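The data below hold one chain only, encoded as structure tokens and taken in the form predicted alone.
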Amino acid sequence: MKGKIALEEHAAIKETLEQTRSFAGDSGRWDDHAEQILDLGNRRLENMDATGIEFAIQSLNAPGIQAILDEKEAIRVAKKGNDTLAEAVARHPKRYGAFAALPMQSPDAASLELTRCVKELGFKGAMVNGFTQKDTDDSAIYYDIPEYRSFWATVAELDVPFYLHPRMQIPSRAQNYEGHPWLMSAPWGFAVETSIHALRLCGSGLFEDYPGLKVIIGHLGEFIPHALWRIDARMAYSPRGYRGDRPLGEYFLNNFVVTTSGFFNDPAFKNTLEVLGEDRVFFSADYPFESMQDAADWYDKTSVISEEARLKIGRTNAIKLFNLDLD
């Protein structure tokens, strides 16, 4: 399918490049990986052309700003990363959009940077890489807490989506992974961390305060769609501490959309569609951590969806969500 739009595509700057080394695989792949993730020009565009991806919303790599302990440094690097993405968008406005990287170490600073990126740079929303560390390595701030309501008010006022992207749990809080470090990242831990964070948002009363918020999560919903029935079934008996006025599943189905990033599998795709519906699922690749070719080959050939749905999930859903002028 030509004309696809991808939402979870990553780039790095000098300050965040080294964070991606562990995801490059064999050490012999590092030079090629570094070239891919730093490039916002010919190589990326050639990959897009070869795979039928017309437009891609770019974002800063994980954990990115969320792993910078010093607040002032986080603000500086976020601005540099966003300015780098803005320059790429200005060079290729019909091929790239951008999500803002945000210094969530400060709700006020994050609000200011998001406002700058949306109003001055034309960004399509924000991508935040899970919880934020601040001041000490052993820290993890989640955004359901009351201190972040002012930030969510800004997101709601700007009326842009917020992409909640995975990151690994920090070692001091990861005792359940001891002896099995492979579990901590993409094979399992990414989904665990992101799904818990998303469910915290659902259970915090956030969507009562701001019912129009739109949150995006990748990897076919980080396993939440597959578990949503059981979550609601058990919550009916044990809602201790739950602050929502409605069943959790209602918030998820109303306020979340998901992408296919890095999850190119027919049975999982089919189940996600049955739970969420075609309007709430979007194509993505997760480049360069996944291959655009793998993502496109699977998506273009999957028999799970009709051709009408393929166009909707691969293109028109994104045009509507981000008000894209591509037609």
Ligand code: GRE
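Numbers follow the displayed sequence, beginning with 1. Worth saying up front: this structure is predicted, and the values here are computed from it rather than measured.
We do not show the form predicted together with the named molecule, though everything after this point is about it.
- Here the chain stands alone, but in the model of the complex its contact with the named molecule, taken as any heavy atom within 4.5 Å, falls in 184-192 among 104-112, 223-231, 199-207, 184-192.
- This chain lacks the partner; the member of F282, F55, Y299, F289 within 4.5 angstroms of the named molecule in the model of the complex by a non-hydrogen atom is F289.
- Using a 4.5 Å cutoff between non-hydrogen atoms, A295 does not count as a contact of the named molecule in the model of the complex.
- In the model of the complex, at least one heavy atom of H219 sits within 4.5 Å of a heavy atom of the named molecule.
- Within 4.5 Å of any heavy atom of the named molecule in the model of the complex lies no heavy atom of L40.
- With a 4.5 Å cutoff on heavy atoms, A62 counts as touching the named molecule in the model of the complex.
- Residues are counted as partner-facing when one of their heavy atoms sits within 4.5 Å of the named molecule in the model of the complex; in 124-144 not one qualifies.
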